[in-house]
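The form predicted alone is given below as one chain in structure tokens.
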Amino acid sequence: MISLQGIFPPLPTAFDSRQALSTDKMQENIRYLSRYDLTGFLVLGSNGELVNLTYQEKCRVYQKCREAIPGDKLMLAGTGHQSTYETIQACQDAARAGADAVLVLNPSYYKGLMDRKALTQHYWAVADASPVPLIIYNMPANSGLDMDADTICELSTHENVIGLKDSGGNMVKMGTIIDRVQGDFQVLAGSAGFLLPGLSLGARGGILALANIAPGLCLDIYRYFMDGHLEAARKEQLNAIPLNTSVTRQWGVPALKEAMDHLGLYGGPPRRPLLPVDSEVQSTLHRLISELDIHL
């Protein structure tokens, strides 16, 4: 069992002006962010544009990111694909590259057929075959499928399923899951917008897009809560919401990359069909960053 306690940035994947993969830029970002007390990094999550990479590129990202991530920090690898077969292959390749655990988004293309039986059999097969522990990934905004508490609780009983990243933001469901699961199953908040509510319900930490550009702020919310300074945690949580919303639900990956560029990290262009943000969004992002006095 590995501990998921703490904060993880879900790293954006770097591309150059010709749309080619730039793992050297990802390595630079990892080395810079590793100066913060982060528990680890997620590579090829939703912010990593997993669906926009070829399979060979995905394997290269796993390998090159692991080379840059310090040995005392975890590497979580996004491996969710539409077929059980390819998901298993990705888990095995990520493990071979040095991933400590895999994050598996549910299949969703045939969402009308993805009932509890289909999802349970999928995750069961992947967990059986994965050489490293599996974390369930619930991201209804992207998958169009919101896994229910009963399904997640059933999956949590598999010995190789160690946790859940829940990006849905339904605190009632999150609390229900945390209350019902047995043993050491670990829940992580999937957005800084509800990090403090999640921690209050028993989440162990978060995988947070905002941690790429404001790791100190995310860590402050976490530490204040852990140290019992709830009013300070509440204030920082409220401060985080506008910028977090802008780089997640509102303008997404392109906005996150623009914010990284503005702060001196490498964001670069998103891979098409995603488009860079326009000048008006840039100005808004720069203003929000300035108001929070964020410096990396």
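These numbers were taken from a predicted model, which means no experiment stands behind them. Counting begins at 1, following the sequence as shown.
What comes next is about the form predicted together with another copy of the chain, which is not displayed.
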Seminar exercise, completed: Note: exactly one of G216, G98, P197, P131 sits with a heavy atom within 4.5 Å of another copy of the chain in the predicted bound form, namely P197
Exercise. Among A189, L210, L105, V102, which has any heavy atom within 4.5 Å of another copy of the chain in the predicted bound form?
Worked result: L105
Exercise. Are all three of T23, V161 and L164 close to another copy of the chain in the predicted bound form, meaning a heavy atom of each within 4.5 Å?
Worked result: no
Seminar exercise, completed: Only one of 69-77, 84-92, 181-189, 151-159 has residues with a heavy atom within 4.5 Å of another copy of the chain in the predicted bound form, and that stretch is 84-92
Exercise. With the cut-off set at 4.5 Å between non-hydrogen atoms, does Q237 touch another copy of the chain in the predicted bound form?
Worked result: yes
For this session: Would you please decide whether R271 lies within 4.5 angstroms of another copy of the chain in the predicted bound form, comparing each non-hydrogen atom pair?
Result: yes
Exercise. Does another copy of the chain get within 4.5 angstroms of any non-hydrogen atom of L263 in the predicted bound form?
Worked result: no
For this session: Find out whether any non-hydrogen atom of L50 is located within 4.5 angstroms of another copy of the chain in the predicted bound form, and reply yes or no.
Result: yes
Exercise. Taking another copy of the chain in the predicted bound form, which residues along 102-130 bring a heavy atom to within 4.5 Å of it?
Worked result: L105, P107, S108, Y109, Y110, K111, L113, M114, K117, A118, Q121, H122, A125
